[in-house]
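To begin, one chain is listed below as C-alpha coordinates, in the form predicted on its own.
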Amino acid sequence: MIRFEDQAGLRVVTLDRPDKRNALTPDMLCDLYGAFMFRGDAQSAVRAVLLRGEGPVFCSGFDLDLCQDDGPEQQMMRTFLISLSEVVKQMRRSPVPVVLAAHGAAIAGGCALLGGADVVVAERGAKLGYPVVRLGISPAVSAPFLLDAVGPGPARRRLLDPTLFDGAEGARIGLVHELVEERGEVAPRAHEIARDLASKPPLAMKATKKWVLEVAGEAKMEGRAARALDASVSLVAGDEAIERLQGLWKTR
(Lines give C-alpha, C1' and ligand atoms only; values in the text may rest on other atoms or scores of the structure.)
Protein backbone atom coordinates (compact mmCIF):
# COMPACT_ATOMS: atom_id res chain seq x y z
CA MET A 1 0.00 0.00 0.00
CA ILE A 2 3.12 2.15 0.00
CA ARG A 3 5.32 1.87 -3.01
CA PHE A 4 8.52 3.69 -3.68
CA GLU A 5 11.08 3.73 -6.41
CA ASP A 6 14.42 5.43 -6.79
CA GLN A 7 14.93 6.98 -10.18
CA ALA A 8 18.10 8.91 -11.03
CA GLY A 9 18.48 10.65 -7.70
CA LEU A 10 14.75 11.07 -6.98
CA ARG A 11 12.84 8.78 -4.62
CA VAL A 12 9.12 8.74 -5.45
CA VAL A 13 6.96 7.54 -2.55
CA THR A 14 3.32 6.80 -3.34
CA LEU A 15 0.36 6.15 -1.04
CA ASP A 16 -1.25 3.37 -3.07
CA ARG A 17 -4.65 2.61 -1.56
CA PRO A 18 -6.95 4.60 -3.84
CA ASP A 19 -10.05 2.50 -3.12
CA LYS A 20 -9.84 3.73 0.50
CA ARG A 21 -8.83 7.29 -0.41
CA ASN A 22 -5.34 6.36 0.76
CA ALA A 23 -6.53 6.06 4.36
CA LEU A 24 -3.51 5.22 6.49
CA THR A 25 -2.97 1.92 8.30
CA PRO A 26 -0.23 1.12 10.84
CA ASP A 27 1.60 -0.91 8.20
CA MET A 28 1.49 2.02 5.78
CA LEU A 29 2.88 4.36 8.41
CA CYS A 30 5.66 1.88 9.16
CA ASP A 31 6.51 1.68 5.45
CA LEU A 32 6.39 5.47 5.15
CA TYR A 33 8.86 5.79 7.98
CA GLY A 34 11.18 3.37 6.19
CA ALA A 35 10.88 5.28 2.92
CA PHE A 36 12.52 8.30 4.54
CA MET A 37 15.39 6.26 5.97
CA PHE A 38 18.51 6.21 3.85
CA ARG A 39 20.96 3.36 4.19
CA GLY A 40 23.80 2.00 2.11
CA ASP A 41 23.89 3.21 -1.48
CA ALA A 42 20.68 5.23 -1.04
CA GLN A 43 22.52 7.48 1.44
CA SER A 44 24.38 9.07 -1.45
CA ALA A 45 22.16 8.16 -4.41
CA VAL A 46 18.88 9.80 -3.29
CA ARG A 47 18.97 13.58 -3.62
CA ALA A 48 15.26 14.44 -3.15
CA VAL A 49 12.00 12.71 -2.22
CA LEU A 50 8.54 13.18 -3.72
CA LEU A 51 5.54 12.03 -1.65
CA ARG A 52 2.28 11.65 -3.57
CA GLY A 53 -0.99 9.73 -3.51
CA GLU A 54 -2.66 7.44 -6.04
CA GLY A 55 -6.27 8.04 -7.04
CA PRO A 56 -8.56 11.05 -6.47
CA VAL A 57 -7.06 12.32 -3.19
CA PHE A 58 -3.70 12.47 -1.48
CA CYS A 59 -4.81 11.09 1.90
CA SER A 60 -8.05 11.03 3.90
CA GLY A 61 -6.35 10.38 7.25
CA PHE A 62 -6.41 7.26 9.43
CA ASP A 63 -8.45 4.21 8.47
CA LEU A 64 -10.81 4.51 11.45
CA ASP A 65 -12.53 1.22 10.58
CA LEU A 66 -9.50 -0.46 12.15
CA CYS A 67 -10.44 1.13 15.50
CA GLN A 68 -14.01 -0.18 15.50
CA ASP A 69 -13.33 -3.34 17.50
CA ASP A 70 -10.55 -1.86 19.61
CA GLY A 71 -10.54 -2.46 23.37
CA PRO A 72 -11.12 0.13 26.10
CA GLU A 73 -7.48 1.28 25.89
CA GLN A 74 -7.95 2.17 22.21
CA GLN A 75 -4.56 0.71 21.38
CA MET A 76 -5.06 1.06 17.63
CA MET A 77 -5.64 4.80 17.87
CA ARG A 78 -2.60 5.11 20.12
CA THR A 79 -0.57 3.26 17.49
CA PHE A 80 -1.86 5.56 14.77
CA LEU A 81 -0.91 8.72 16.64
CA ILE A 82 2.52 7.49 17.72
CA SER A 83 3.35 6.24 14.23
CA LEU A 84 2.16 9.46 12.58
CA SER A 85 4.36 11.57 14.84
CA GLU A 86 7.36 9.39 14.06
CA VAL A 87 6.75 9.61 10.30
CA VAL A 88 6.49 13.41 10.28
CA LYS A 89 9.65 13.71 12.39
CA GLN A 90 11.47 11.34 10.05
CA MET A 91 10.37 13.39 7.03
CA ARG A 92 11.83 16.48 8.67
CA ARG A 93 15.06 14.64 9.56
CA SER A 94 15.51 13.56 5.95
CA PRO A 95 18.92 14.79 4.78
CA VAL A 96 17.43 15.65 1.38
CA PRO A 97 14.51 17.90 0.35
CA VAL A 98 11.01 16.44 0.63
CA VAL A 99 8.33 17.60 -1.83
CA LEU A 100 4.68 16.67 -1.24
CA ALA A 101 1.87 16.66 -3.82
CA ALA A 102 -1.44 17.29 -2.00
CA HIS A 103 -4.14 16.76 -4.60
CA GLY A 104 -7.86 16.42 -3.91
CA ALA A 105 -7.76 16.27 -0.14
CA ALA A 106 -5.31 15.98 2.75
CA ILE A 107 -7.34 15.56 5.92
CA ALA A 108 -6.46 14.87 9.58
CA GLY A 109 -3.44 12.53 9.54
CA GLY A 110 -3.10 13.22 5.82
CA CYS A 111 -2.86 16.95 6.48
CA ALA A 112 -0.35 16.31 9.28
CA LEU A 113 2.04 14.88 6.68
CA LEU A 114 2.26 18.31 5.06
CA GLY A 115 4.12 19.49 8.15
CA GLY A 116 6.99 17.14 7.37
CA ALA A 117 7.61 18.41 3.84
CA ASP A 118 9.96 21.14 2.69
CA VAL A 119 7.79 22.02 -0.31
CA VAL A 120 4.02 21.41 -0.60
CA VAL A 121 2.17 21.71 -3.90
CA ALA A 122 -1.65 21.70 -3.93
CA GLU A 123 -4.46 22.76 -6.20
CA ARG A 124 -6.53 25.78 -5.30
CA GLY A 125 -9.63 23.75 -4.46
CA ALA A 126 -7.97 20.97 -2.44
CA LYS A 127 -9.65 20.19 0.89
CA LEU A 128 -7.30 20.44 3.88
CA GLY A 129 -7.74 20.42 7.63
CA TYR A 130 -7.67 18.80 11.06
CA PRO A 131 -11.30 17.86 11.89
CA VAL A 132 -10.51 15.28 14.58
CA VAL A 133 -11.75 17.34 17.54
CA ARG A 134 -15.21 16.29 16.35
CA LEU A 135 -14.24 12.77 17.37
CA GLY A 136 -13.09 13.82 20.84
CA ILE A 137 -9.44 13.45 19.80
CA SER A 138 -6.97 16.32 19.96
CA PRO A 139 -4.94 17.20 16.85
CA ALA A 140 -2.17 18.34 19.21
CA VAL A 141 0.11 15.71 17.62
CA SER A 142 0.21 17.98 14.55
CA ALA A 143 0.65 21.23 16.47
CA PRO A 144 4.47 21.56 16.57
CA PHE A 145 4.82 20.94 12.84
CA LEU A 146 1.91 23.20 11.89
CA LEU A 147 3.16 25.94 14.21
CA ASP A 148 6.57 25.77 12.56
CA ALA A 149 4.97 26.05 9.12
CA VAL A 150 2.39 28.80 9.62
CA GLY A 151 3.06 30.57 12.93
CA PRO A 152 1.07 30.69 16.20
CA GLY A 153 -2.08 32.53 15.11
CA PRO A 154 -2.98 30.46 12.04
CA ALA A 155 -1.96 27.26 13.85
CA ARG A 156 -4.34 27.95 16.75
CA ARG A 157 -7.17 28.75 14.36
CA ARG A 158 -6.73 25.64 12.25
CA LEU A 159 -6.26 23.21 15.13
CA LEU A 160 -9.23 24.49 17.12
CA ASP A 161 -11.58 24.87 14.14
CA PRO A 162 -12.53 21.50 12.59
CA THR A 163 -13.82 23.16 9.42
CA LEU A 164 -11.92 22.15 6.29
CA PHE A 165 -10.22 24.86 4.26
CA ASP A 166 -9.08 24.99 0.65
CA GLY A 167 -5.67 25.03 -0.94
CA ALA A 168 -5.83 28.77 -1.48
CA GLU A 169 -6.23 29.32 2.26
CA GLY A 170 -3.45 26.82 2.87
CA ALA A 171 -1.19 28.93 0.66
CA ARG A 172 -2.26 32.15 2.37
CA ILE A 173 -1.20 30.88 5.80
CA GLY A 174 1.99 29.20 4.53
CA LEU A 175 1.07 25.51 4.77
CA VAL A 176 1.04 25.21 0.97
CA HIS A 177 4.01 26.66 -0.92
CA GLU A 178 2.82 26.49 -4.50
CA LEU A 179 -0.71 26.47 -5.94
CA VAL A 180 -1.89 25.10 -9.24
CA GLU A 181 -5.37 25.50 -10.67
CA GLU A 182 -6.31 21.92 -11.50
CA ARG A 183 -6.00 18.63 -9.61
CA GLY A 184 -4.22 16.94 -12.48
CA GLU A 185 -1.48 19.56 -12.41
CA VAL A 186 -0.39 18.86 -8.82
CA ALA A 187 1.67 15.69 -9.27
CA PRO A 188 3.46 16.84 -12.46
CA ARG A 189 4.39 20.18 -10.89
CA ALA A 190 5.56 18.54 -7.65
CA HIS A 191 7.58 16.04 -9.68
CA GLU A 192 9.15 18.89 -11.64
CA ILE A 193 10.16 20.67 -8.43
CA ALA A 194 11.51 17.48 -6.87
CA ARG A 195 13.46 16.62 -10.02
CA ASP A 196 14.95 20.12 -10.07
CA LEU A 197 16.01 19.86 -6.41
CA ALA A 198 17.52 16.43 -7.07
CA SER A 199 19.67 17.96 -9.82
CA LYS A 200 21.37 20.42 -7.45
CA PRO A 201 24.85 19.75 -5.94
CA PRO A 202 24.08 17.09 -3.30
CA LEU A 203 26.58 18.06 -0.62
CA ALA A 204 25.46 21.70 -0.70
CA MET A 205 21.80 20.68 -0.56
CA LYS A 206 22.31 18.32 2.39
CA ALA A 207 24.34 20.91 4.27
CA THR A 208 21.64 23.50 3.65
CA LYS A 209 18.84 21.17 4.78
CA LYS A 210 20.77 20.38 7.96
CA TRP A 211 21.43 24.05 8.68
CA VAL A 212 17.82 25.07 8.02
CA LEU A 213 16.65 22.52 10.59
CA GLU A 214 19.24 23.70 13.08
CA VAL A 215 18.20 27.34 12.69
CA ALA A 216 14.55 26.30 13.08
CA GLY A 217 15.39 24.68 16.42
CA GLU A 218 14.83 21.07 15.43
CA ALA A 219 16.23 19.80 18.74
CA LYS A 220 13.54 21.73 20.59
CA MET A 221 10.98 20.53 18.05
CA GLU A 222 11.64 16.93 19.09
CA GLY A 223 10.73 17.78 22.69
CA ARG A 224 7.62 19.70 21.67
CA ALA A 225 6.56 16.84 19.40
CA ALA A 226 6.84 14.36 22.28
CA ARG A 227 4.71 16.54 24.56
CA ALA A 228 2.15 17.16 21.81
CA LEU A 229 1.90 13.43 21.14
CA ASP A 230 1.26 12.80 24.84
CA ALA A 231 -1.55 15.37 24.74
CA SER A 232 -3.28 13.56 21.87
CA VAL A 233 -2.73 10.06 23.21
CA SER A 234 -4.04 11.02 26.66
CA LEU A 235 -7.56 11.49 25.26
CA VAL A 236 -8.03 8.44 23.07
CA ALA A 237 -9.39 6.13 25.79
CA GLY A 238 -11.60 8.81 27.34
CA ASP A 239 -15.37 8.56 27.41
CA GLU A 240 -15.80 11.43 24.96
CA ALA A 241 -13.54 9.95 22.29
CA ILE A 242 -15.02 6.46 22.60
CA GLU A 243 -18.57 7.83 22.46
CA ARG A 244 -17.83 9.94 19.38
CA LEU A 245 -16.09 7.10 17.56
CA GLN A 246 -18.96 4.74 18.29
CA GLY A 247 -21.36 7.36 16.99
CA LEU A 248 -19.31 7.59 13.80
CA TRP A 249 -19.70 3.89 13.07
CA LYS A 250 -23.44 3.95 13.82
CA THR A 251 -23.92 6.50 11.04
CA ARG A 252 -22.13 4.36 8.45
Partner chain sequence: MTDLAKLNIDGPVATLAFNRAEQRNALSIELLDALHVKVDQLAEADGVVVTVITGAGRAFCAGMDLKQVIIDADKGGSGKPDLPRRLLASLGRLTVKIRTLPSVVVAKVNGAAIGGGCGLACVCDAVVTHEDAKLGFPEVDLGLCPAVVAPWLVRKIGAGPARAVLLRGGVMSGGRAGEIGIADVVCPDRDSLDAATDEVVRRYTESGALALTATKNLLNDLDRSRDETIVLRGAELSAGVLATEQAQASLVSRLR
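If you're wondering where the values come from, they're calculated on a predicted model, not measured in any experiment. Positions refer to the first chain, counted from 1.
What comes next is about the form predicted in complex with the partner chain, which does not appear here.
Trainee: Where does the partner chain sit in the predicted bound form: which of 220-228, 189-197, 24-32, 203-211, heavy atoms within 4.5 Å?
Mentor: Every other range fails; the passing one is 220-228.
Trainee: Is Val13 one of the residues lying within 4.5 Å of the partner chain in the predicted bound form, judged by heavy atom distances?
Mentor: Residue-level check for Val13: no, no contact with the partner chain.
Trainee: Residue-level question: is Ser138 within 4.5 Å of the partner chain in the predicted bound form, judged on heavy atoms?
Mentor: Residue-level check for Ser138: yes, a contact with the partner chain.
Trainee: With a cut-off of 4.5 Å between heavy atoms, is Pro154 one of the residues that contacts the partner chain in the predicted bound form?
Mentor: Yes.
Trainee: Given that the partner chain is not shown alongside this chain, does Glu240 nevertheless sit within 4.5 Å of it in the predicted bound form, heavy atom to heavy atom?
Mentor: Within the cut-off, so yes.
Trainee: Just one of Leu147, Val96, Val180, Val119 has a heavy atom within 4.5 Å of the partner chain in the predicted bound form. Which one?
Mentor: Residue within 4.5 Å of the partner: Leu147.
Trainee: Hey, which residues along 232-246 are within 4.5 angstroms of the partner chain in the predicted bound form, non-hydrogen atoms only?
Mentor: The stretch touches the partner through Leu235, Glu240, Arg244.
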